[in-house]
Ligand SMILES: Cc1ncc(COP(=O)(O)O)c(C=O)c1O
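One chain is shown next in structure tokens, namely the form predicted on its own.
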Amino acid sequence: MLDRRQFLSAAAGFTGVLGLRESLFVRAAQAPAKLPDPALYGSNEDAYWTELRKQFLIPEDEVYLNNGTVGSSPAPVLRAIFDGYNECEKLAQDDPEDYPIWGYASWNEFRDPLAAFVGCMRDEIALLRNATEANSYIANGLDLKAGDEVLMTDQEHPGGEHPWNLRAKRYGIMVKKVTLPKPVPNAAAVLNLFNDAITPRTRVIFFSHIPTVTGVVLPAKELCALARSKSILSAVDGAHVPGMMRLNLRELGCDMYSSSPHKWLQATKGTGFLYVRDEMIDRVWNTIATEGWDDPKLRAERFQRIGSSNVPALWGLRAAIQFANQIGMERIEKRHRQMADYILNEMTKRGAESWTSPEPALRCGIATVNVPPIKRMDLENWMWKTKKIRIRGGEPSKLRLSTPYYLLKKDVDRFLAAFDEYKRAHA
């Protein structure tokens, strides 16, 4: 692994050859070598997060409020990816049968820290590319017959809903939806909706732990317990959860879980995972088949055997887990809730309608508001082109405002001032 001096030297040489002055290599190398002193958090939280912001390559004059789509990997994650390529591209592995693209390995050096981070056993984790891929493995892998029902919400991401729609179109299963209120008033309302929609044909309850539409934190543990009590399988799309809030899959009690750590964990793009509870692994068929697809001893590893793979990306995933652990998930989750509450309160003062939840426990790092008659795409384009502020939402007037921990209060205030300016100019 390159030390900091070697990395700086290599970055300078590489960018000098290519004539790149503001390259990724240089900017990653220029970030602080260490995280801020943990003692600073106790004495001055704002100063702590301000120092931590320096680990991210987002320019200081930009405000980024769309972590719900994709996060920005901090410098230590980028350095780890570069280290991975530096090691792999030498093609100098000790074992002459080992190659850096190897798609038939256990990758325990990457699965072990991930399993510890999300609260499960290594053999229950498969390293994939994103939640969409994992959701497809779940929908394709379960034995379901024509007429069997899969129950989900009306707020699922296309990468969660459409694997089941494909299965329905091809094999005749039924996809049913419960309509979540906007906002969800409390956990009991969600549980009642699902309980009332269950029929004797319901075989799977599939839902997003945090739906992409509103960012509400659904009562996942209670929904999984409801499913278990009725001998129904539970599959959870957790694309937003790892890195946003504490996660323990065994405590959650789900049968299957998918995620995309490139969002709130700020991991490498193209890293995801599939969790399958050990008691369920033998009931899930492989979607991609190669050597080991039918070997029960491999447990969940058989789902990650897809042939040649981007192993350096996994170096970045491991570094992202280490980065989050160094900060502390308790601090990160607290920060997410504080910033989301702040921006939500300020927007409701401005007449916005909250679509997230009035219940603090049911929201974390995303505040979703409805702001008619403003057209969100007009606002989104204006914000970016004139103010260098990135937001996202939905038609016609929904704004989904993500508040990652590296977002500073002054950044939120800058967005609020810009929103006020736009509203005055387009009244």
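Quick note: we count residues from 1 along the sequence shown, nothing fancier. Just so it is clear, the structure is predicted and the values come from calculations on it, not from any experiment.
Keep in mind that the form predicted together with the named molecule is not shown, yet the notes after this line are about it.
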Pick the stretch from 173-181, 202-210, 119-127, 143-151 whose residues have a heavy atom within 4.5 Å of the named molecule in the model of the complex.
202-210
Touches the named molecule in the model of the complex: His157 (any heavy atom, 4.5 Å):
yes
Check whether Ala131 has any heavy atom within 4.5 Å of a heavy atom of the named molecule in the model of the complex, and answer yes or no.
yes
Can you tell me whether His336 touches the named molecule? I mean in the model of the complex, with a 4.5 angstroms heavy atom cut-off.
no
Is Val276 one of the residues lying within 4.5 Å of the named molecule in the model of the complex, judged by heavy atom distances?
no
Which of these residues, Leu218, Ala239, Cys254, Leu265, gets a heavy atom within 4.5 Å of the named molecule in the model of the complex?
Ala239
